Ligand SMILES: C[S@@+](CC[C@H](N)C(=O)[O-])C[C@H]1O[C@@H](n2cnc3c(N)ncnc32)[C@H](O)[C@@H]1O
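Listed next as structure tokens is one chain, alone, in the form predicted alone.
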């Protein structure tokens, strides 16, 4: 599973498989989120970490905020840069170790863009890197799946057709990771990719936060910002604050 995301997220097939995503729901979530956070638009710098092609960064910018989008995928950032303006910038970065010339008021890590790494220490390094790039009293929004509910729905297998490609997507739990195996034929070649997402529950997030000098101030269970319920919520959305000593 070492660095599985480098090839897959840069692949045209990744974007093809997930082109059905509901961006209307995503944009409504972002709007709900910023209404809740009630930030000063003129003096707030937002980081969208693991921004992909920048669609959500663009929406936050359209709400009136200055935004920086970062992602490891060079192809995604190349696409996102087409939409840059004076208050919207993109750059490639590894979320485990990055620096920016200014500190951020808010860091977004949305739509399960965490838990990709093999070790606790690597996942912790992401939160530490975010914390080091936050202003005092800065905040993080980390949107993750609710693993307790997700685990009830696997193992599973699904056939998905996207344009001329027939994907087979299998999910199962392996060594505390939710593993998604994606296979398909194209031309005369068979392709296989895997996604790994660590099974991290709220208690483990509390441990990670504490080690990164962060505090979880709020939890939500869906994109309408209803309260988190471990048994029934689809999502685990955390608001974290940087501790100031």
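Residue numbers count along the first chain shown, from 1. As the structure is a prediction and not an experimental result, all values here were calculated from the model.
Another form, the form predicted together with the ligand, is not on view; read the next lines as being about it.
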Query raised in the report: What is the one choice in 90, 104, 144, 116 with a heavy atom within 4.5 Å of the ligand in the predicted complex?
Result: 116
Query raised in the report: Out of 162, 139, 96, 79, which one falls within 4.5 Å of the ligand in the predicted complex, going by heavy atoms?
Result: 96
Query raised in the report: Can you check whether residue 73 is within 4.5 Å of the ligand in the predicted complex, heavy atom basis?
Result: yes
**Report entry** Close approach of residue 13 to the ligand in the predicted complex, 4.5 Å, heavy atom
**Finding:** no
**Report entry** the ligand contact at residue 112 in the predicted complex, heavy atom, 4.5 Å
**Finding:** yes
Query raised in the report: So, in the predicted complex, is residue 55 in contact with the ligand at a 4.5 angstroms heavy atom limit?
Result: yes
Query - Listed range touching the ligand, judged in the predicted complex by heavy atoms within 4.5 Å, from 36-44, 186-194, 210-218, 65-73 - result: 65-73
Query raised in the report: Do heavy atoms from each of 5, 9 and 51 fall within 4.5 Å of the ligand in the predicted complex?
Result: yes
